[in-house]
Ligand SMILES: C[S@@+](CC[C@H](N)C(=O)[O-])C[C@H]1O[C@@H](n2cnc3c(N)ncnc32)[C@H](O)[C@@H]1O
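First, one chain by itself in C-alpha cells, the form predicted alone.
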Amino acid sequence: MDKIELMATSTFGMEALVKKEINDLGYEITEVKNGRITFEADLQAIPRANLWLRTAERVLLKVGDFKARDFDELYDGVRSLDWPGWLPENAEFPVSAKSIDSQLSSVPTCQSVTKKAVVDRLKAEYQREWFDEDGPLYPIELALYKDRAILTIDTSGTGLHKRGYRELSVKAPIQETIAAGMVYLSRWDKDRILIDPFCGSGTILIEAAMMAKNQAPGLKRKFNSEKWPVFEDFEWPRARVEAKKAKKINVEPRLIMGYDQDPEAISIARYHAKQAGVEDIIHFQEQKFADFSTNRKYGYVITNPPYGERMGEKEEVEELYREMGEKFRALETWSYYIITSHSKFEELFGKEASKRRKLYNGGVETQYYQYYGPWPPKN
C-alpha cells in the first residue's frame, strides 16, 4: 500500500497549528478546510499521526469522495469504494453521518444507505450473506457538504484530546488540545519561565512540559487502528518505540510553576503530572491570586482563568480581571496569554492585547488574548 489520504480534524481556529504539526511530521498537505486538514502519507503515518499530533481531534482515513445528489448516487458511490481493502470479514463498522447544505438531508436514511452499500460490497468480496461484526472496530463516517460525500474511517477512537493522564476533574477544565494550542501560539520554549496562576488540574503546564520533553502526547493511550489486521506486526510497535526514543530524559527547564487557591485542584494537578510522566519538571503550589508576585524577568504567563458565566460569578470575575491587569501590566518584561469568553476582558484588564484569536474551549466561544513582552537580551 503506497499512498493513502488521511484527514486530521480540529476545533475551529486550530487548523493552522494542526497543519504545521503535520508538515513537521514530514507529510504533504493537500487540502485545508474548516476543521479538516487532508494530507497524503503512507500506512505508517496512521500510528505516527495519532501518537504525535497535539492539537488535532482525530485522524481519519479517507476512503473516497464523490457527488451524491440522490440516494442512488450515494449507494453506488459508497459501494464502489475499496472497503475490502480495509475491513476484514469480522469487522465491526458502525456508520455515522452528517449533512450540511446538501439535497440528502435525512441523516438516518443516509446512514442506512451507506451501511447497506458497504455490506453489499463486502458480501460480493467475501461471498457471505451475514457478518457478525465481532472483530476490530472501524467507525465509518459519511460527511455530506454541498452534495459532496466524503467517506472516512476513524483511526483514533476516543478523541486525541484524551491523552490518558487526566483521570480526575475540576470545574471548567480546559481541553488538552486547546491547552497545547495555547502553548504553541505563545511560542514558549523550555528556556523561559512559565507560570499558570489559575492552573486547576494542571493541563496547560502538563502539555508544555510534554513539549519540553519532546514526549508524544498519545503514548499513554490506545487507538482503534492498533487492532486492524491491515497493519503488519511492526507498524504500531515501531511507531511507539520511535516515540519513546524521541523523549528527552534529562530536561531542565528554567521553571514551570502552577498556582491555584483550591487545594484539591493542586492535588489533582500533581497526580495528573505524575500520570503524564512530567512531575519532575513542574512545581504546583496552593496560592490565592491576590498573593501572586514574582521578581523574575522575561517570563511567560499562560492561563485559563474563570469566565464568570455562572449565576452570581460575573462581578467577582470582573474584579479578578482588573486585578490581573494590575499585576500583569507591572511585569513589563513578561509575556502573558489569557483565554476567556468574557467579551469585555481587555477593557477590564486595562490593556489591549497584541493579538487575539478565536478558539472554542469545550464548545464555548472564547478569545485568546496574547500580550507580547520583550525578548531577553542575548548573552
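Computed from a predicted model, the values in this text were never measured in an experiment. For every residue, the number given is its place in the sequence shown, counted from 1.
What comes next is about the form predicted in complex with the ligand, which does not appear here.
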Ok, Phe198, Tyr184, Trp236, Phe223: which has a heavy atom sitting within 4.5 Å of the ligand in the model of the complex?
Phe198
Pick from Glu242, Asp120, Asp262, Asp147: which residue has any heavy atom within 4.5 angstroms of the ligand in the model of the complex?
Asp262
Is Thr177 close enough to the ligand in the model of the complex to count, meaning some heavy atom within 4.5 Å?
no
Could you tell me if His161 has a non-hydrogen atom within 4.5 Å of the ligand in the model of the complex?
no
Hey, in the model of the complex, is Ser96 touching the ligand, heavy atoms inside 4.5 Å?
no
Indicate whether the ligand has at least one heavy atom within 4.5 Å of a heavy atom of Pro173 in the model of the complex.
yes
Can you say which of 212-220, 283-291, 129-137, 110-118 gets within 4.5 Å of the ligand in the model of the complex, counting heavy atoms only?
283-291
Pick out the residues of 318-332 whose heavy atoms come within 4.5 Å of the ligand in the model of the complex.
Leu320
